[in-house]
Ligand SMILES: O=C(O)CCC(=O)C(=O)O
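Next comes just one chain, in structure tokens: the form predicted alone.
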């Protein structure tokens, strides 16, 4: 079986804008950045996972600090495991993007981890950082939205905040099918506003490898 060509699944013309935006402001939003047919396949897979009860309640913190806290975060997740054709296609695109960012920005990105996320009506995720400066290996966060026919009445936008003034909102992004967001994980505070309809996405992180000796980085 031939390996998927990343150029078939993403907006190659937008890559220079993505790289420039990461450097100049620390975040990028691309509408219709990922192929529509691939997004529909991923959305259908997430619905199957929900029907088969293969989604887990999401928590906050990692390792021994991990806990469920529904007043902070209300989504259910399933980690990508390459088990489907759609997942493999998407992960091939992310590998290509990782290599592109490394060549241009020398960030030393080592690998990509990601999970499906489904927010039921009423769910949200309070303002947070995906990484704390000097304490984590998550360098660039990504979100791909999988919601066809999303309207303003559905809510569920992701709000981005000024890293130098976290009370100041700098962008509000509707979670429409094919929209792709990436931002510097330890710099850009963000939150998911309450959704009025089921809200589907793939959240991911490009990571550096900080394993040392017998200490494996990180324990998921």
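This is a predicted model, so every value here is computed, not measured. Numbering follows the first chain given and starts at 1.
We do not show the form predicted in complex with this ligand, though everything after this point is about it.
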Inset, instruction - Mark residue 34 yes when one of its heavy atoms lies within 4.5 Å of a heavy atom of this ligand in the predicted complex, and no otherwise. - result: no
Inset, instruction - Spell out, yes or no, whether the shortest heavy atom distance between residue 154 and this ligand in the predicted complex is within 4.5 Å. - result: no
Inset, instruction - Although this ligand is absent from this view, report whether residue 143 comes within 4.5 Å of it in the predicted complex, heavy atoms only. - result: yes
Inset, instruction - Mark residue 203 yes when one of its heavy atoms lies within 4.5 Å of a heavy atom of this ligand in the predicted complex, and no otherwise. - result: yes
Inset, instruction - Go through 191 to 199, 162 to 170, 24 to 32, 46 to 54 and give me the stretch that gets within 4.5 Å of this ligand in the predicted complex, heavy atoms only. - result: 191 to 199
Inset, instruction - Have a look at 150, 125, 96, 112 for me and say which one sits with a heavy atom within 4.5 Å of this ligand in the predicted complex. - result: 125
Inset, instruction - Please pick, from 177, 158, 184, 38, the one residue with any non-hydrogen atom lying within 4.5 angstroms of this ligand in the predicted complex. - result: 158
